[in-house]
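Read the single chain below, which is given as structure tokens and is the form predicted alone.
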Amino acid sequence: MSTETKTRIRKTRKRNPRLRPLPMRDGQVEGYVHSIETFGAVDGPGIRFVAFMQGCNMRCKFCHNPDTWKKNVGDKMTSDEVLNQALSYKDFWGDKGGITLSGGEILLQIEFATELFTKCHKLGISTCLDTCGQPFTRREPWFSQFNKLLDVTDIVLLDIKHINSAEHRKLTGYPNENILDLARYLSDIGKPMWVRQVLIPTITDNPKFLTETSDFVKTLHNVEKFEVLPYHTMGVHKYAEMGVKYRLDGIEPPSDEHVARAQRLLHCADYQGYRDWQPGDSTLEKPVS
């Protein structure tokens, strides 16, 4: 291999850090799995089998699963192994439930997600992608791979950590332009989406920023549900166990009144499409209100 070729590959990997040698077994991509929830009720429509995947680039100050940050570690599982375990719970899913891939950040393991969701669709299993959107880019070859994944994804859960890019960087370590671009792209192609806003006192619990978030979400035509996720401290003990400083020490969860105020400012009640949503729906098929 020439020096020029090696240099080009290094530059490509730097621009697209998801590209890497993939772990393979029995002709299948292996995914790095952090943990599994067999009866998830808050990870997409209906009752869902949820695989939380390992690895995340962002370092959200409020993260309650810092043990998912490290990449290329965890339990290695093939798509067949995850699928076969999930099928044991299929009777609980009903018409809307199915399989959700979450994280960490699932888009760091996009090849595994595509392989698993392709098998799910062949079996008529509803698929849900739970992402913070940070790896999103329109650069190739990543963008084409992402579209292959969307072809077998029924619905996307997208977190908007902060609407202001500078504040988003302070909160997560990254700006948010590509995340908002992802939201616009999903709207343009009609991919159903739930948007979620983490409410953190003194940080995101701010009428100005919440109003800006509301105004942005109103420009999207694919939002089936808009949720407020109240900040909590249930994962703080993990930081001590990992020897990592918890950077929101002293901030308490928001009161019920503050959560209700945020829901009003975000106009969450206006997004009721999730009540009628069925796997396979596209928002391009629905009239825009």
Partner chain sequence: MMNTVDETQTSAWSGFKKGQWQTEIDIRDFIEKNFVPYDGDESFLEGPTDATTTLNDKLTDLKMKQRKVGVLDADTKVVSTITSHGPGYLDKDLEKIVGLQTDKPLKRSLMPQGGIRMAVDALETNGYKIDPEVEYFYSKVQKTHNEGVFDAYDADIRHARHNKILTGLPDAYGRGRIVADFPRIALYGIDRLIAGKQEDLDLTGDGEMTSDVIEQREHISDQIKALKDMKEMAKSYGCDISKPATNAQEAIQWLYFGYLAAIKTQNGAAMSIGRIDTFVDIFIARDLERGVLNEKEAQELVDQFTMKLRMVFFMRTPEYNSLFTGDPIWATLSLAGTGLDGRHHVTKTAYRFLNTLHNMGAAPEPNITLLWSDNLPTPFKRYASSVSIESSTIQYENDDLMKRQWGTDYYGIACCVSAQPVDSGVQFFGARANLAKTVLYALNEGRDELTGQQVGPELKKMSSEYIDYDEFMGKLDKMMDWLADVYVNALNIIHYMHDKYYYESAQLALKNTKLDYTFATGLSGLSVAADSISAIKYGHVKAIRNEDGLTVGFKADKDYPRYGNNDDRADEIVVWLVKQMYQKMNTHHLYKDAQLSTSALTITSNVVYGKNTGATPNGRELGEPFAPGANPAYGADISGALASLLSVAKIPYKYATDGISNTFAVTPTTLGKVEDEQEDTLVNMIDGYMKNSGHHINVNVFKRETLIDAQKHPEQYPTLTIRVSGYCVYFADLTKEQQDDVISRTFHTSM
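Small disclaimer: the values here were computed from a predicted structure and weren't measured. Numbering follows the first chain given and starts at 1.
Although it is not shown, the form predicted in complex with its partner chain is what the next lines describe.
Proximity to its partner chain in the predicted complex, taken as a non-hydrogen atom within 4.5 angstroms, holds for one residue of 173, 94, 207, 124, which is 94. Checked against its partner chain in the predicted complex, the residues 220, 251, 29, 229 give one hit for a heavy atom within 4.5 Å, which is 229. Annotated contacts: 70, 137 and 185 are all free of its partner chain in the predicted complex [non-hydrogen atom within 4.5 angstroms]. Although the partner is absent here, residue 64 lies within 4.5 Å of its partner chain in the predicted complex, judged by heavy atoms. Within 4.5 Å of any heavy atom of its partner chain in the predicted complex lies no heavy atom of residue 147. When its partner chain is considered in the predicted complex, residue 38 lines it closely, a heavy atom lying within 4.5 Å. Although the partner is absent here, residue 259 is not a contact residue: none of its heavy atoms lies within 4.5 angstroms of its partner chain in the predicted complex. Only one of 164-172, 103-111, 198-206, 82-90 places residue heavy atoms within 4.5 angstroms of its partner chain in the predicted complex, namely 82-90.
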